[in-house]
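Taking the form predicted alone, here's one chain by itself in structure tokens.
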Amino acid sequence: MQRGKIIAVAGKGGTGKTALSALLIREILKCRAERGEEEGGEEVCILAVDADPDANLPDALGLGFGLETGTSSDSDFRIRTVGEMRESLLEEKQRDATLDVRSEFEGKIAEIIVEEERFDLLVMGRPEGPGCYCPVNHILRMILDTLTQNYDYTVVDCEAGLEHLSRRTTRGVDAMLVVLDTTQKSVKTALRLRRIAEEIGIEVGRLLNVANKIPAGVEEKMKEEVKRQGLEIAEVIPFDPLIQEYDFKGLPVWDLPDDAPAVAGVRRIAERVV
């Protein structure tokens, strides 16, 4: 089976990667649904991967996370993470030295995928015990190599900073969206991301720099400054007060109205990657 498209959303922490990831999934579904109606195509299937240890993507998608309960209509609903599964299997390995952790993991990965009507969700999380986060990143590489074959698109909300590149967890992506805001730190992170990708040979089909949360009147100045530093802005998403309002009220950005300022910008990105 041919691998579906993989889209990684990367950048400095605080630039709005998670909100953009959630809206991107929503708008890809809408784009493909509209094209499907026009062309008589089948429904699209998306895998959402929350690769950030903070695990905020479920909330942005309207699923809820929490270590105790989620917000599903099922009161017993709880999203399990890859990190938790890994720790559980390692504990079993201590009791049974013959246990093949890798094969057990591959057999159980489907159990922790949250299946929704329009997309599936996999939360990487972090190990509960002490130790390096590298093993979970290794698992993410395995997932991108295997599970993505079952989906038309996989959208990965990457951890903040540069770890996902330096550990090669986003190898072989069709598009990487590097999210910037008005800070110089975000621009420097974008420049380092590009340099690291080139140095360690990450296969990226398209690298698109996305300026996010940009106040009115700042767009052109930011484009000029970023260009002066050697980057091109592919898309500008304006500052959207509704996102702040939804966040304050605990509402998912998935439910933003179609005419929200941020939605229009993400829609244009979705049309590019579709």
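Residue positions are given as counts along the sequence shown, with the first one as 1. No experiment lies behind these values; they were computed from the predicted model shown.
Just so it is clear, the following notes concern the form predicted together with a small molecule, a form of the same protein that is not shown.
Candidate site formed by 212, 247 and 262: every one of these residues places a non-hydrogen atom within 4.5 angstroms of the small molecule in the predicted bound form. Using a 4.5 Å cutoff between non-hydrogen atoms, residue 19 counts as a contact of the small molecule in the predicted bound form. Contact between residue 243 and the small molecule in the predicted bound form is found at the 4.5 Å heavy atom cutoff. Although the partner is absent here, residue 58 is not a contact residue: none of its heavy atoms lies within 4.5 angstroms of the small molecule in the predicted bound form. In the predicted bound form, residue 28 stays away from the small molecule, with no heavy atom inside 4.5 Å.
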